[in-house]
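A lone chain, given as structure tokens: the form predicted alone.
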């Protein structure tokens, strides 16, 4: 059974970026996040959703008790599956959120 694609709004992308930033505040060091961003950028560039979410969810699984991680996972579950255009926007929202983590307001 396939889930139906949902139309995503700018609010959805903003929430994904916000939740990603909050979730990654307490995950790994700055250099760890930079390596993760590099991997995610490479998978997003070639539209490899499987590897993108595999890298991301393995990282988030290390903090699955964190409320911010749960918010991000619930949002990703809601938006999934993604067409290529929406995947690119979601992927870059996540990547920008990770890059902003630990940078303060």
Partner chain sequence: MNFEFKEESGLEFTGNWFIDSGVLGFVRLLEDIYGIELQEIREIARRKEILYFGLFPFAYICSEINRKATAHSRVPKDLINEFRFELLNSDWESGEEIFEFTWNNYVTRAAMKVWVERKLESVLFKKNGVDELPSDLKDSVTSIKKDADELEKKLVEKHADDLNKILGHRSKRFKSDDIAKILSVTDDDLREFPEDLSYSFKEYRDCLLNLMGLFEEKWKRDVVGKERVPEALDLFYRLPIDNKFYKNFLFFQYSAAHQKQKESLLDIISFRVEDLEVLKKVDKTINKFLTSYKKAENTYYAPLTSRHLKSFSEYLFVYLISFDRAFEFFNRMGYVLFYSNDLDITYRVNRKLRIRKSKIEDQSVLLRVTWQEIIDSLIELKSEWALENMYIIKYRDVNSQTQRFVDVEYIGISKMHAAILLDDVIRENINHTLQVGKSEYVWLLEHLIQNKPLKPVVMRHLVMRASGRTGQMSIKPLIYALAIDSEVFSGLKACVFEDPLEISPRMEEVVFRIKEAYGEMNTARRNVTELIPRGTRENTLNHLMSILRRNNRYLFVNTLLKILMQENEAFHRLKNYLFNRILQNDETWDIYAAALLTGFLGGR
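No experiment lies behind these values; they were computed from the predicted model shown. Positions refer to the first chain, counted from 1.
Just so you know, the form predicted in complex with the partner chain exists too; it's not on screen, but the next bit is about it.
- Although the partner is absent from this view, residue 82 stays clear of the partner chain in the predicted complex, with no non-hydrogen atom inside 4.5 angstroms.
- In the predicted complex, residue 41 approaches the partner chain with a heavy atom inside 4.5 Å.
- The partner chain is not shown here, and in the predicted complex it never comes within 4.5 Å of any heavy atom of residue 58.
- Shown alone here, residue 22 lies farther than 4.5 Å from the partner chain in the predicted complex, counting heavy atoms only.
- Taking the partner chain as positioned in the predicted complex, the residues of 9-23 that bring a heavy atom within 4.5 Å of it are, in sequence order, 10, 13, 14, 17, 21.
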